[in-house]
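Encoded as structure tokens, the following chain is the form predicted on its own, with no partner shown.
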């Protein structure tokens, strides 16, 4: 701990009390990574404020001392976006978990950033509403993290991402000023810039979210195919017919195997792929569209179709998909979660190329994805005890992102760039593009202390080989270099 951080520890203990400051090395280890565990850095100091005013004071103190700081919610991110600084302060928002206001007539609620995503829906369900963004981690991820990453989820095909459901944010700027950014403010859309900026432009302390009315009817179908290509054909046929389901999700044979081992979801035996399609809305419309989708799946070669008869059956269908990321741990000692996007029409070609990459490299890849909007989540499996296995997995992971760019897509759909994909940004954007983005960031954070080292690439350390580093580099430990 540097002298500057030591001084902040004393100041923050006076502000928050002993229970609001963490300095013990063992406890600090809890916060050294987010959901992407192959990037780790132990923070010098962790603080747990109780309200937005305390966050503002913490930020002002960090800026005055020239100490970098990073905000963290539930720590479920998958791009290293909340990776702390070894010479900095980690501001954990998990204690700010109050639903401050529910305004049903105006279909909105005001919540603190530590409120769990699903708890927003629970708070308003009795009134006939819910919060539409639904990441797979919605039982544990926080609204503040959703805002930072512009999280999506299975139902973003119809309802959009977090950005489409945020009306305003109270924000502590990188210099410690408290401001409100609103969607209906005239001039530049500063709220639009803030949402999805991965915590690099400030810290949200209150979020006003839009509430969505619960649909009259929900129908869920699971279709099993002998190959993922046939499943992709069904997806194209459904969208081509002009039907926009609430969700279209697909899993391949390897991800089904993992889900069965983990949660016993009972998907059809022998399936090379399963497609989950959910429709919601007025009963007559859903009934008509559901008949269309069933027929299109049959035409595409589905050998078994199951229709959820009730909420319990629907939950069982979704159980395998929602557990897919964690379930892969049942069939592999370690894995990388990727998050690329491609045009939906390119699905068959890109999936075939991923299969070829897997066969050529000997690295298994399980595919789980939001099929309706082409958001891929390939899970690259490896044994971290095997020499060179992690490096091979990194190479396959990068090659998949190259495929996405080659086919007109993106290196991320909803997980963000963080530290994990910063080195891929120049493959997607020109130097001028990146300079422009950096100028926007500097406009918000001229001192460069707010979640530094994220999103944008910096030169690698001399002589450093690509891949996952085992242990912390000495220069990173000293705070003289960023690890990405």
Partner chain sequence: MTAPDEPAAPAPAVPELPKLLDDCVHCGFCLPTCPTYVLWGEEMDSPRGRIHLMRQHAEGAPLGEAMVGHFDACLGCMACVTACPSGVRYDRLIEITRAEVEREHDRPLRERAIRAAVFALFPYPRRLRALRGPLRLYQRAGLDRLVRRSGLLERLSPSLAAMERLAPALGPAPRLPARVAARGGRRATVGMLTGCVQREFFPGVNAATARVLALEGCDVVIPPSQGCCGALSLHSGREDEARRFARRTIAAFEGVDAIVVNAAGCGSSMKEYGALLADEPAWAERAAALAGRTRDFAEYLAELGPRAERRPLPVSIAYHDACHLAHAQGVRAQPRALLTAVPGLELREIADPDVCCGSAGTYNLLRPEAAGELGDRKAANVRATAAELLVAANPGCSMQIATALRRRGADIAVAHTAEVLDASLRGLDPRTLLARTT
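Remember, it's a predicted structure, so these values are computed and weren't measured experimentally. Positions refer to the first chain, counted from 1.
FYI, the form predicted in complex with the partner chain isn't displayed, but the following is about it.
Note on contacts: among 300, 357, 140, 331, the single residue with a heavy atom within 4.5 Å of the partner chain in the predicted complex is 140. Of the residues given (76, 367, 220, 86), 76 alone sits with a heavy atom within 4.5 Å of the partner chain in the predicted complex.
Residues placing heavy atoms within 4.5 Å of the partner chain in the predicted complex fall in a single listed stretch, namely 67 to 75, out of 270 to 278, 253 to 261, 307 to 315, 67 to 75. Within 4.5 Å of the partner chain in the predicted complex, a heavy atom is found for none of 44, 394 and 419. The partner chain in the predicted complex comes within 4.5 Å of a heavy atom belonging to residue 326. Using a 4.5 angstroms threshold between heavy atoms, residue 57 stays clear of the partner chain in the predicted complex. In the predicted complex, at least one heavy atom of residue 40 sits within 4.5 Å of the partner chain. Contact between residue 205 and the partner chain in the predicted complex is not found at the 4.5 Å heavy atom cutoff. Using a 4.5 Å cut-off on any heavy atom, the residues of 32 to 54 that reach the partner chain in the predicted complex are, in sequence order, 32, 33, 34, 35, 37, 40, 42, 48.
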